[in-house]
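Only one chain is given next, in structure tokens, and it is the form predicted alone.
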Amino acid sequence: MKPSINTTLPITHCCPACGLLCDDLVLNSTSPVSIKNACVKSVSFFEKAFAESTSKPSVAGKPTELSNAIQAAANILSKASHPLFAGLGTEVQGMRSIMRLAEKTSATLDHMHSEGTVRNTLAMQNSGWQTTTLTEIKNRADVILAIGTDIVSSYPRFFEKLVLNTDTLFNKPKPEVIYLGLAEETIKLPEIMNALNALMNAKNPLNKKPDNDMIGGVRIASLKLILEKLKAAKYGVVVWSASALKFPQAELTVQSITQLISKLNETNRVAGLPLNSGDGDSSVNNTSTWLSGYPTRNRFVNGHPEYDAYHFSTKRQIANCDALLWVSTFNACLPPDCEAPTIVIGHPDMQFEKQPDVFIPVGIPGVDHIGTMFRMDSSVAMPLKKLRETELPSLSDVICQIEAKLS
């Protein structure tokens, strides 16, 4: 179906393409989209969103009316005793409707980027952490240590908005940025983080080793220099991306990072900034937590929520579930292979190699309908605007209709 573009363009718009949720974009054209203040991720997001799509609801790969697809999805869920709701690429309103349906169907919930989120959650549950906001970084940070990430791959405008931005409250100088552990093939972050914590203790024997000795691929002298800069900073910030820590028991490295921040705060002011992974993961987990008490990797049993960060993962549930509901509204992320009946509700540009039992294309949040998203630091909820008229229903509309069929 071909959507009509809202005639009120150009408008200032909040971009949901990454967790920064930049709200200064100005869209001033139809496809090919021209966007002021755009980054590579926002251009890609809006180009795909504005591309003409002929996608229609389908059952067993055959196009059908929306009402038939909704009835087919309800039939699948009504026969399931332990369905899995995964993907969950949506915003606050979409997740609220999914939570209601999950409670009614005793479903297990897991976001597509939970693997990284769980590493942070486990570290926070174990010992707590001290984190900051994007606003604090812009106005106060004078030293930024980026561990295992270049930041810009995930957040192209991070430096423009938070590092190079001279419009700050306290007229501070541009912060110094230090990268640690980008060369994954030679740098061993777990050893490095343990060494940094050890070097914080003046009595630790590591302080007596020659400065040219290497630990995890980095000279001890370099590690000492990093600590000196953080100790001398007026407002230091340590940034990491848990999704980039792709090695066993990476949550222990996250815990080492938070322990280092805690130790530095005994004499100085240093805060952490965990980067999220996108596709609404912060919004979905915040919504799940305030409605059930737990982030995703939770489930409902007779209306009561349960949480298990290990057993309720998509990887472990996919073989045991008797129905899969896959949701991806921001991007055309495809579901994993599953033997159980599969329902896909998502981006109209989805192209399947294996047709799901039911496919329902829905509107894209921030393009086809309004919505609300949490910024990556979870301190601000941003409104998403509607940019065009479309026949596509929202995820919430579809979920509510499926729920009504199960009543």
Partner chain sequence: MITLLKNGRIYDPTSGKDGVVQDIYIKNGRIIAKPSATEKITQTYDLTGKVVMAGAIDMHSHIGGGKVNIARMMLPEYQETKKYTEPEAHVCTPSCSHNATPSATDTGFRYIEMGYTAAFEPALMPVNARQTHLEMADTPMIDKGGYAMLGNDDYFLRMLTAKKDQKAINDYVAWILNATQSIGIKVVNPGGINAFKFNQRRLDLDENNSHYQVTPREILKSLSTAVHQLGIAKPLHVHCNNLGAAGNFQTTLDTMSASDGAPMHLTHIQFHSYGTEGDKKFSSAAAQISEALNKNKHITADVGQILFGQTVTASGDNMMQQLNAKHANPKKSVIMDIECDAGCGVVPFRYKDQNYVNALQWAIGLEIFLSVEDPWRIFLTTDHPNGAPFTSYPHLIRLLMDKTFRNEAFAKLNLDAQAMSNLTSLDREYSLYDIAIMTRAGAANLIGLNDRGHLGVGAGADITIYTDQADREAMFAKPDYVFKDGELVVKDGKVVKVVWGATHTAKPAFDIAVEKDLKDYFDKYHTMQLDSFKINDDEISSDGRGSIIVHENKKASH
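Residue numbers count along the first chain shown, from 1. The shown structure was predicted, so the numbers you read here are calculated from the model rather than taken from an experiment.
The protein also exists as the form predicted together with its partner chain; that form is not presented, and the subsequent description refers to it.
Of the residues N197, N75, S106, T131, just one reaches its partner chain in the model of the complex with a heavy atom at 4.5 Å or closer; this is T131.
The partner is absent here; in the model of the complex, the one residue of N207, S222, Q71, N139 having a heavy atom within 4.5 Å of its partner chain is N139.
Residues with any non-hydrogen atom within 4.5 angstroms of its partner chain in the model of the complex fall in just one of 146 to 154, 117 to 125, 211 to 219, 316 to 324: 117 to 125. No residue of the trio D110, A340 and T342 has any heavy atom within 4.5 Å of its partner chain in the model of the complex.
Remark: P248 does not count among the residues lining its partner chain in the model of the complex, judged by a heavy atom distance of 4.5 Å or less. Under a 4.5 angstroms non-hydrogen atom cutoff, its partner chain in the model of the complex lacks L164 among its neighbouring residues. Not displayed here, its partner chain is approached by D24 to within 4.5 Å at the level of heavy atoms in the model of the complex. Contact check for S292: a non-hydrogen atom falls within 4.5 Å of its partner chain in the model of the complex.
Residues of 322 to 349 that come within 4.5 Å of its partner chain in the model of the complex, judged by any heavy atom, do not exist; none qualify.
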